[in-house]
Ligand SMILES: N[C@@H](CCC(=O)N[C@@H](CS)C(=O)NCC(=O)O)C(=O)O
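Next comes just one chain, in C-alpha cells: the form predicted alone.
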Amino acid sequence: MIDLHFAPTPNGWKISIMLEECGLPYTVVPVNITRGDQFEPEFRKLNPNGRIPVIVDSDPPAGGRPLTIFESGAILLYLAEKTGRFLPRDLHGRYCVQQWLMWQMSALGPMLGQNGHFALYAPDKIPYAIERYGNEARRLYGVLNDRLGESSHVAGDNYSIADIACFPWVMTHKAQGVTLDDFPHVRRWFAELRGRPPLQKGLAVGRRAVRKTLDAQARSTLFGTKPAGGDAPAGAFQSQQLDH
C-alpha cells in the first residue's frame, strides 16, 4: 500500500493520476497547505523542503522497510520503475521521457507558477513581473506545441510520465491567460488525454478541497515568511498551489 501525502495542486494531481493509471492501491493523506500542515515537524520528517506531494510505499520492490519519496518527478520515476509502465526500457526512449520530465520540472512548472503568482495572487501588480513571466509562459507553450507537432505525445508516440507531468499544468491555461487556440497541437493533445478514465479519476482526488478564494489566514500561511509550524520561503503558495 502507498500513502500519498496530497493537496489538490498540479504537482499533487501528477501523482494521483499516475497511481490511477498504474492501478496501484493507495491511501490519500490530506495535507492542508492553506493551514500550514506542510510546515509541521511531522510532515517535514517526510520532506525537509516542506512541500507536497510525498509518498510512503510500505511494499517497495526490493522489500525491507517502507520507502519515502518526495519531489513529484522522482515519485513518477519510482512508480514507473515499480510497475514497468509509462517509461520506455530502450535507451533512447527512456532518456527522451526523462528529459521532457526534467523540462516540466525545471521550466514549465516553475515559470507557470511565477506567472500565476504575479498575475493572480500577488498583492501588488508589478507590470515587469507580469510581462516577464507571461511571455515566458507563452514561450513554453510554444515549445510544447512544436514538440506535439512532431509526435503524438510529449516524449514520442506513447503516453508516458512526461505527459502525466505536463497535463495538470496545462489544465491551468485559462487562469494563466493562455488560450489553446493559439497552440493547436497542445489543444489536440490536451483533449485526447482528458478523455482517459484513469486520468479523470486521478484528477477527481481532492477537487472538492480546492479553494477558489483565500481568506486572510490562508494568504498569510501561503505567502508569509513564517507560516504555521515552521519557517519557509516567502511565496510558498507559488511553489505549492502553482508549483513546479
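Quick note: we count residues from 1 along the sequence shown, nothing fancier. Everything numeric in this text was worked out from a predicted model, so none of it was measured.
Not pictured, yet referred to below: the form predicted together with the named molecule.
Remark: of stretches 199 to 207, 50 to 58, 173 to 181, 186 to 194, the one touching the named molecule in the model of the complex is 50 to 58 (heavy atom within 4.5 Å). Against the named molecule in the model of the complex, the set Asn11, Lys14 and Phe39 is in full contact: each member has a heavy atom within 4.5 Å. Among heavy atoms of Leu120, none comes within 4.5 Å of the named molecule in the model of the complex. In the model of the complex, the named molecule stays beyond 4.5 Å of every heavy atom belonging to Ala107. For the chain shown alone, Asn115 is not a contact residue for the named molecule in the model of the complex, no non-hydrogen atom being within 4.5 angstroms. The closest heavy atom approach of Glu71 to the named molecule in the model of the complex falls within 4.5 Å. Looking at 155 to 180, no residue comes within 4.5 Å of the named molecule in the model of the complex, counting any heavy atom.
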